[in-house]
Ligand SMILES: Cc1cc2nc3c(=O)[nH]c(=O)nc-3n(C[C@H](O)[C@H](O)[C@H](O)COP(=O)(O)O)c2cc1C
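In the block that follows, a single chain appears as structure tokens, in the form predicted alone.
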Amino acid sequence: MKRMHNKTSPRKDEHLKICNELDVNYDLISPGFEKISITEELSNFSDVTPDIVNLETSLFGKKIDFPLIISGITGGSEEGKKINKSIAKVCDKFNIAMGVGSQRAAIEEPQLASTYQVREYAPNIPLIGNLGVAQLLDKTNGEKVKLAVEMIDADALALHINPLQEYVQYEGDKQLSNIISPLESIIQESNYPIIIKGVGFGFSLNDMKIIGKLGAKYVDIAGAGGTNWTKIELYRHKKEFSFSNEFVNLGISTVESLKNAVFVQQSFPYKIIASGGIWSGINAVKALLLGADYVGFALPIVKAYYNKGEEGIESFLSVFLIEMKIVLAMMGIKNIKQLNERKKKSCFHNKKRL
């Protein structure tokens, strides 16, 4: 593959710095979980205790101890390499899934592949590669998909769709009018599981219908209310842009996106990953009750890493998991099977448009 001067790598470090140091949350949209009450689902008389809650499940044929994914964050730079290593080691310890950040930098400059390669630190967990749909609009689709997966010995590949970020990013790809056909080809022809992944904007009901018709087996809704990538890109070039606050806060909330995905799932049996502003164990439980199969998060891991490194990530996950177990115990739920049965009966999950 043609080698080229890499312009992507420095941008990765800019993104990390901005996410750690500045306010990158939505101002006008929340993920929506505060509107979902589970108090009527809880009991003071439950005979389940947190220590017996077992959330073991599987992803891509591999067992994981919790239905959690640390979503793709970084790679493509030395800083990204250090962070990915720490995340991989913690994911291995907790036996949960991990995604790497966009591998575009390594596609452009193969020597950067090592910044994404973490399999030696987490030999058995589900590992997810990552490419943007903007990089898959030429005749080298199959080659790029194969390279991204094999580069890191991944179990699956996330294809992220982020037109708003691309349109406001100074260096972004602006020609994104014909992405459906390439996506369909990749999904149908790939030998690897493909995840259609949002990037903090969310998916509308019509988006989900398109994704379902494409034949996708996995979708990560990445709803609005968590990390605001429009904001991040505008921080990078603040002297050149002056958009309205309403524009900067465009997006479909995580809860609304999840409801859209669940509704369409009745016709297209894909698995749903809920992400977008899920910072707590209780909100993870709410997402699962609403119909998600897995829960993902990224920004809190960046914050935890810059606070106390690998120890910080471990601490965040420990509290997150304890919170999940306590809430589920008070609901009388002790395993994934019971959780799935409860979500079908739940007032949050029915066959009507939620």
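None of the values given here were measured: they were computed from a predicted structure. In this text, residue numbers run from 1 along the sequence as written.
The same protein also exists as the form predicted together with the named molecule; that form is not shown, yet it is the one meant from here on.
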### Query
Can you pick the stretch from 184 to 192, 204 to 212, 89 to 97, 71 to 79 whose heavy atoms fall within 4.5 Å of the named molecule in the predicted bound form?
71 to 79
### Task
Just give me the single entry in Asn260, Asn84, Thr230, Asn130 that has a non-hydrogen atom within 4.5 angstroms of the named molecule in the predicted bound form.
Asn130
### Message
Between Pro300, Gly291, Gly312, Pro50, only one gets a heavy atom within 4.5 angstroms of the named molecule in the predicted bound form; which residue is that?
### Response
Pro300
### Query
Counting only non-hydrogen atoms and a 4.5 angstroms cut-off, does Val219 reach the named molecule in the predicted bound form?
no
### Query
Taking heavy atoms and a 4.5 Å cut-off, does Cys19 contact the named molecule in the predicted bound form?
yes
### Task
May I ask you to check whether Val199 falls inside a 4.5 Å heavy atom distance of the named molecule in the predicted bound form?
yes
### Task
Tell me, yes or no, whether Trp279 is in contact with the named molecule in the predicted bound form, where a contact means a heavy atom of each within 4.5 Å.
yes
### Any residue of 96 to 127 that, in the predicted bound form, places a heavy atom within 4.5 Å of the named molecule
Gly101, Ser102
